[in-house]
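First comes one chain, alone, set out as structure tokens in the form predicted on its own.
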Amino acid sequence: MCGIVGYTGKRKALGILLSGLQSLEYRGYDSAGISLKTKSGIETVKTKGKVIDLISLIAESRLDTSAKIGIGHTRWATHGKPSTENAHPHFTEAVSVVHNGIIENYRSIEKFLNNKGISRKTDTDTETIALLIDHYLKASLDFKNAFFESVKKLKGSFAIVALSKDFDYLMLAKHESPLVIGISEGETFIASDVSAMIEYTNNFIFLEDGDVALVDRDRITIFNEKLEETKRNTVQINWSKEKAQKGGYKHFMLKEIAEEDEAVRNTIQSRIDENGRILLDDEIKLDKEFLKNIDRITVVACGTSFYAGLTAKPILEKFTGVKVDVEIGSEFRYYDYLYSKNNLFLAISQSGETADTKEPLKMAKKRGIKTLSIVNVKESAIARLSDSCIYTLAGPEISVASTKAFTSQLAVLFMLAFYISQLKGKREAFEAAKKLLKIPSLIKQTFDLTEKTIKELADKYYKYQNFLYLGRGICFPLALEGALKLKEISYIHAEGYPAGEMKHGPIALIDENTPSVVVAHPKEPLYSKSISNCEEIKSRHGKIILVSSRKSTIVDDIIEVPEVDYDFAPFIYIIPLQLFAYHVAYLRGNDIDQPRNLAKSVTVE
């Protein structure tokens, strides 16, 4: 990941490619590159850094700028560190490729290539695609059929655009990662995002999962997953460039909630194999014997990241078999924490710059404690300070109110629990990891299933000034996070509470003007008691919104979510809570992406 552009037509490609890459810079990236089909073959320029660095490098090069067909990419590193070598495009003498997504089976493809005497030169999964196409070209297939054969071998999520030195067309493939074709007279544009093409055309074809396409300046041939020719509708979109960057959504927050399935998929796919084995050896540089013998995990974080830690606590304890403390960063540094002999300190931060998390991390390091961090932003301060870092691969999060960072952090925490458990030889962790691979599709299903209902509920409840959020077990931290989201962007007072504590104080708040949002999984150990809480609220004229996969006649309204194993409920149940906060804030006319008084990265204490 992160941004793809391509062009074939009557104009010089270079300026269009660079303009497209600049339009995609808002998505965040660590390197950039382009390939052009020139008279002398494929010419490629790429670099670690920003598009402006790429432009400077091109200006100093002898690149043939007259080329009228080319591809480009801005990369957010997944496989391999940010570097010029790992930047896209990846190429051979005959072919060049850009790719978003994860090739899950790249190791088996690499083994296939190695048996043919072909080896990778970079750390990326993407290079195996280029090498595979090149292999089939050398087997006397034309570009189209070499591409077909290569795509058949791929497993994972991908948007691919490939360029050949011998053929005047581009080949495309899409599966679970966006890819769009822009159409204009005598020229065709390709991008991962409409924003890269909106200044050139407003006519687009949105490829569907499984599609493969052959594209030249005035011909587009699309094949379905069975490689049969098919038709896709052309859609006319009259968006501003800003709206295009939001994918047509009114706000980045809604777009980022809609992207949570993709964000979690990107985070887990390259790190779990088909047997459920967690592949974190290259990222966790801590001694395996230490990890097998840790006797406590101390999680330190703030805000949404703190709630992610709280949510994952029972999973960490269940699979690692050790005590897990989850501490608020802003408080942690002010008391003398009692570390154990084999303590692992775990810092969580979306930005990697959160001062209230960074300072406790420094303190732990001074005490000689082994440290691990979970962050989203590459080369950030917390990542650099830690002994090891696992990056969430959520992509950039523009909205101040964090959404996809939460689910991606959860995904990493779950994988960490399974990884340590597997090091200890526990077989159940392999089966749990396989279940985690199914979560992205359930997240997408939840978004599609609940959004219409939530819009209607927001219209019913947006004028209320106080809310109580209740949950038990693994759903209790979701109540905290749901209340935080409502506070952050709607400016409504909301409290998250353990449902069992309601009668110990908060029940005094219940009346007809204070709705309660109850988060309850049917398989939680005390589900019947959560329903009893609903009875208590009802008897005091309180209104109840139940988030569950089981209906109840007691409540006023239900947001029904798909069925999911109890351990994995947080990934699913958080989606409607985020959507409810969004739609309430929207009806109240608030600045959702930049709520008052808040900053995306809190770098002061």
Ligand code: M6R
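Numbering starts at 1 and runs along the sequence shown. Keep in mind that what you see is a predicted model, and the values were worked out from it rather than measured.
Keep in mind that the form predicted together with this ligand is not shown, yet the notes after this line are about it.
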property: Contact flag, Gly303 vs this ligand in the predicted bound form, heavy atom cut 4.5 Å; result: yes
property: 4.5 angstroms heavy atom contact with this ligand in the predicted bound form for Val400; result: yes
property: Any non-hydrogen atom of Ser351 within 4.5 angstroms of this ligand in the predicted bound form; result: yes
property: Heavy atom of Leu254 within 4.5 Å of this ligand in the predicted bound form; result: no
property: Proximity to this ligand in the predicted bound form, single hit among His90, Lys485, Arg75, His521 (heavy atom within 4.5 Å); result: Lys485
property: Which of 95-103, 316-324, 477-485, 146-154 sits within 4.5 Å of this ligand in the predicted bound form, heavy atom basis; result: 477-485
